[in-house]
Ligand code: 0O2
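Next up: just one chain, as structure tokens, the form predicted on its own.
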């Protein structure tokens, strides 16, 4: 990044921090209201993060873009990231519907990698949202990515990340195959846990 853009970058990060605070607050309100109405908290944990300049720069370079503030804003949609890990498969879709019902966000794009997994075996539900940040007399919309997944999917994604970190150039075929097989096993586990959860609900009713 050019030295002349440092002030622009600092201003961008300030706005992104505002957006992340707004996002965290709205998600907390939505989930607390859900728990109050349903008497059940479907979320195991939530993690938020701001992508580092090094990580964002690498993403731009990998895509063939110059590292500029403008490209960070227009090309890196997940500078702000939120991961919501749920207990059961049905919880994931409930949380997706909950977020989509909010008047605070604009849903820009959604990717259902649960019904349509990535080639690697990766599964999660992604929402790209626009978060309104009110600055004086103007409003800017900041992009953020929300990932919603089960505990099992999160376990697989963590393992996948660690293995790919060790093989940045080309992951060996046997590991790639093993990850796909693990993804299938995790899929079966999620379905079995969902079935047990539905049986438990019938007993409670």
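Positions refer to the first chain, counted from 1. All figures in this text were calculated on a predicted structure; none of them were measured in a lab.
There is also a form predicted together with the named molecule; it is not shown, and the following applies to it.
Chemist: Exactly one of 30, 142, 157, 60 has a non-hydrogen atom within 4.5 Å of the named molecule in the predicted complex; which residue is it?
Modeler: If I apply the 4.5 Å criterion carefully, the residue I get is 157.
Chemist: Hey, in the predicted complex, does residue 78 get a heavy atom within 4.5 angstroms of the named molecule?
Modeler: Although the named molecule is absent here, residue 78 would touch it in the predicted complex, with heavy atoms inside 4.5 Å.
Chemist: Determine whether any heavy atom of residue 164 comes within 4.5 Å of a heavy atom of the named molecule in the predicted complex, and answer yes or no.
Modeler: So residue 164 counts as contacting the named molecule.
Chemist: Against the named molecule in the predicted complex, would residue 100 count as a contact residue? Criterion: heavy atoms within 4.5 Å.
Modeler: Answer no; every heavy atom of residue 100 is more than 4.5 Å from the named molecule in the predicted complex.
Chemist: Heavy atoms within 4.5 Å of the named molecule in the predicted complex: does residue 93 have any?
Modeler: Outside the cut-off, so no.
Chemist: Which one of these stretches, 143-151, 66-74, 37-45, 22-30, sits within 4.5 Å of the named molecule in the predicted complex when only heavy atoms are counted?
Modeler: Careful reading of the contacts points to 143-151.
Chemist: Are there residues in 81-105 with a heavy atom within 4.5 Å of the named molecule in the predicted complex, and which are they, in order?
Modeler: Heavy-atom contacts to the named molecule in the predicted complex: only 83.
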